[in-house]
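Laid out below as structure tokens are two forms of one and the same protein chain, each shown alone and named structure 1 and structure 2.
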Structure 1
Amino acid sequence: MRTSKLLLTVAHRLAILAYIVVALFPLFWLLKVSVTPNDLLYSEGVRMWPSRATFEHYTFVIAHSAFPTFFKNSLIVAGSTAVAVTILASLAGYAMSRFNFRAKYWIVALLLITQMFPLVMLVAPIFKMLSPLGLTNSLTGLVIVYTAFNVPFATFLMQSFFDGIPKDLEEAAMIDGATQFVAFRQIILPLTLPGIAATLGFVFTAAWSELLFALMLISGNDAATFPVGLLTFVSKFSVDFGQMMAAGILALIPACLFFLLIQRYLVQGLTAGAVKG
């Protein structure tokens, strides 16, 4: 019995280790290529680490390319989208959780339907809608599109957290003289910080890495985000893998810092809505 339990434990640990290796190996290879000089990139073949490392790719990306502009644009778009979606989803999720009103289930069905359309099918209509308003080739247009597409899922995510909070807390606050909004802001909202962190993390990541709409709606480098900017390292006859991988590593930094800041609430947020009671 003990032998079987030991074997299961070892197998479980090995499976976790294998998963970690598979998950992190692409990031390691990204780092490896980013510090490999161009003259060694193909001449040394496949090896785990170059015989000579260099940071010239990072220097070029930071000082001699438009990547800082792409980086700044992505921060603006992803941050603005995450904040806007979280605010809207918190209010909508609270309404869905606490109030019964006419056409509520039709609204829920409509939100679900919006998630069923392939994004490629919507590019042309959205471009045609935004173009007369002057919102193409604009960060504002990207924020509007990203917000529209992320609000439905974020609303359902926030609703699940509000459903897990007893209504008695609000009722007790309102008995003491608080309005519905005051009870929501001072009692319910602080209890949903894990859910807010999970929503912020999901939306920030989605907006930070989105390529399709950024590629279709942005036509110049001044408003391009970093996923589009990575394509500038691809020329007609060659691909500068070193600079592209260096830009990729630099683009990971804000996302990692963001999740480091919210990780205190993130694990709670990803699991709190799964079990009630």
Structure 2
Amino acid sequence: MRTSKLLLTVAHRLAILAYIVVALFPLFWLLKVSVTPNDLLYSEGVRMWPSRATFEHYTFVIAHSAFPTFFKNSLIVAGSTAVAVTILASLAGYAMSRFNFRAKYWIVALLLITQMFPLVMLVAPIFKMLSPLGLTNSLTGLVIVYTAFNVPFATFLMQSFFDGIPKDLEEAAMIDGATQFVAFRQIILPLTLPGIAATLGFVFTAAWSELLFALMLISGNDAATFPVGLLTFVSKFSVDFGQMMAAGILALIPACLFFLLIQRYLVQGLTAGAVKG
């Protein structure tokens, strides 16, 4: 009995380990090629680590390419989108969590519909709508589009976090004479900080990764975000793997940092939602 239990534990740990290896290997390979000097790239193609590592690809990408611009643009777009979505979704999520009002079911239906249809369908109309406003080829245009795309899911996420906070808290404050909005801002919001962090991180990574609308709406280098920049880079100079992978690693850093910070809260938030549903 004891040995079989031990075997089971070992098998369990090995399975977990296998998942970790599969999850991390592609990223490790990205890192490996990005530090391989050009002259060793092909001769040591399948070695696990080059005999000589270098940061020359990173210094080149940072000093001599348009990637710092792409990086800055992506930071601006993803950061503004995350903040805008979180503000809008907190307000709307709070309304969904705390009020019973007539249009609530219609609003839920509207939010659900937006999750159903192919977003590709909006590529053409949005382009046609934004171009007379001068919002194509502009970061503002991207932020507006990404904010709208991410608000529905973020609203559900925020609602589930608000649902986890007892109502008595703001009721007590309101008996003391505070308006509901003051109670919301000063009591409920601080308690939802993990939820806010999760929403911020979730939206940041989503906006950081978006490719199709960025490709469609942005044409020049000046307003290109990372995905667009990297993709044009690939089709133009598909020979320099080291530099591309160095750029890829740089693109990975902010998204992964955010994710590692928030993944705990994300499972918590979903658990809260699951318990309720």
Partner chain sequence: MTIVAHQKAAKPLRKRIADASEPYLYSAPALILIVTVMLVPLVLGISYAFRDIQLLNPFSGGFIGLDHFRALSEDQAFFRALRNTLWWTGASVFLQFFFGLILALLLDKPFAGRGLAQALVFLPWAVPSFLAGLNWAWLFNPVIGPLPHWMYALGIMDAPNNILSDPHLAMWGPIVANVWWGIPFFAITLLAALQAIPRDLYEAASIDGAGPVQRFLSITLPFLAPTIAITILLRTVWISNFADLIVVMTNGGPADRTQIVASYIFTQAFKRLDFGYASAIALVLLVLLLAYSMLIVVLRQTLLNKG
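Everything numeric here is computed off the predicted structure, so don't read it as measured data. For numbering, take structure 1's sequence and count from 1. Basically, rigid core = biggest C-alpha set you can superpose within 1.5 Å across the two forms.
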Taken from the structure described, the form predicted on its own is structure 1
- request: For residue 68, state whether the C-alpha moves by 2 Å or more between structure 1 and structure 2 after rigid core superposition.
  value: no
Point to revise | C-alpha of residue 212 off by 2 Å or more between structure 1 and structure 2 on rigid core | key: no
For residue 56, state whether the C-alpha moves by 2 Å or more between structure 1 and structure 2 after rigid core superposition. yes
